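First comes one chain, alone, set out as structure tokens in the form predicted alone.
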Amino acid sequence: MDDMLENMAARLFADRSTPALIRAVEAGTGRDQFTGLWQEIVATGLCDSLVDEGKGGSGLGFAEILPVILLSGRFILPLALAETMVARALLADAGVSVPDGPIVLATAVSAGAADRIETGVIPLAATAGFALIDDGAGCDLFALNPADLIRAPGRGSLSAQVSVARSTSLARLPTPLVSLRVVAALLHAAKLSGAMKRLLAMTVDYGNTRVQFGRPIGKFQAIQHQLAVMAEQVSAAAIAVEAASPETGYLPDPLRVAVAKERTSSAAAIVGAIAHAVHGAMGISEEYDLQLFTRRLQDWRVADGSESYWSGLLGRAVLAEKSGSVIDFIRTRLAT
């Protein structure tokens, strides 16, 4: 089943989530295009992949849909498909009707006024129709309007903070067994992994075709060294994401997610820098696609906590262990 989903998603994303579409969405002129793409995605049944079969879904586990999430990163899909998959499963489990439109996952970060709930910066909030927000005591589903969004600065950013009146909640769900911050962090780690793999391929290809001093720059030892470091980071990130993906269900282990998000966020800084170093001035030109990917890397790198946040969480967990070494902690807590 996962191979069928992966092949279907790969064809759809390759055909529709193109650099031209990304540019149009970022410019604010591609609403009809990404609305059509979303309708095609919904028609495939991907959005309900994690919903139990008895409730109208496919009943798959996270590990089975991981290839699709990786692809959404590889093609920098401008819609919150992965988040919608999880949100629909949570809503179905709670007996709440599923709304039409992409749903982002968020965590309340500010008490603010008693009648409002506010979040941090959420990637793809600008193209979402709804937000499922975890306030620590439960989750609320909100419809998003332009007035609710505080768009993130930066050219072409699709990220935004959300500030909504609590009274506009469409539904209240019980507190999930794993916080939405943890779940969203794993989704962004997987997207980072997929995008970095694409960046590696782009950079290797550029190194093999860009000729300088009579030969491809990829033949120079200095460039080969940088590409080797890049490949090492991409591979480590992929392994960490796979290890954090739950084998059953769709709610992950928080400490494994901490490792995955720390590793992918750390790798994103290195991979993005090397990609631009190898491409030179070409990489920052508006007409070239590299900057589309590296800008998204930065969005996902800090989403739901950057590498420093998650490394701090891991460090506190290790220090809280009263017996055993760090190796024992890794073996018993992270590798089982």
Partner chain sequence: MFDSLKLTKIPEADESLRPAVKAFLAEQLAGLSAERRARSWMGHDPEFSRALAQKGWVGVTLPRDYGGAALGYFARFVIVEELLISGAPVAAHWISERQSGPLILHYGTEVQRQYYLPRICRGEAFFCIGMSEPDSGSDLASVKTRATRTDKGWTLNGAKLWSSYSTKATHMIALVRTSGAAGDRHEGLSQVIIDLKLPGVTTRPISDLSGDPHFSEVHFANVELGEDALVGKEGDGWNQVRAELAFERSGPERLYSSVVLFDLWLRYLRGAGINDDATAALVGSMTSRLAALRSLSISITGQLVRGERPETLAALLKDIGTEFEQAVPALVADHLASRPDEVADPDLLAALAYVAAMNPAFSLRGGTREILRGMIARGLGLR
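Just so you know, these numbers come straight off a predicted model, no measurement behind them. Residue numbers count along the first chain shown, from 1.
As for the form predicted in complex with the partner chain, it is not shown, yet the points below apply to it.
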Exercise. So, Val204, Glu321 and Leu334: all three within 4.5 Å of the partner chain in the model of the complex by heavy atoms, or not?
Worked result: yes
For this session: Note which of Val86, Leu144, Val259, Leu124 lies within 4.5 Å of the partner chain in the model of the complex, where distance is taken over heavy atoms; exactly one does.
Result: Val259
Exercise. Just one of Val211, Ala165, Ala137, Val229 has a heavy atom within 4.5 angstroms of the partner chain in the model of the complex, so which one?
Worked result: Val229
Exercise. Would Val234 show up as a contact with the partner chain in the model of the complex if we use heavy atoms at 4.5 Å?
Worked result: yes
Exercise. Is there any non-hydrogen atom of Arg316 lying within 4.5 Å of the partner chain in the model of the complex?
Worked result: yes
Exercise. Is Met8 close to the partner chain in the model of the complex, meaning a heavy atom pair under 4.5 Å apart or at it?
Worked result: no
Problem set entry | Any non-hydrogen atom of Ala14 within 4.5 angstroms of the partner chain in the model of the complex | no
Seminar exercise, completed: Of the candidate stretches 282-290, 24-32, 43-51, 305-313, the one with residues having heavy atoms within 4.5 Å of the partner chain in the model of the complex is 305-313
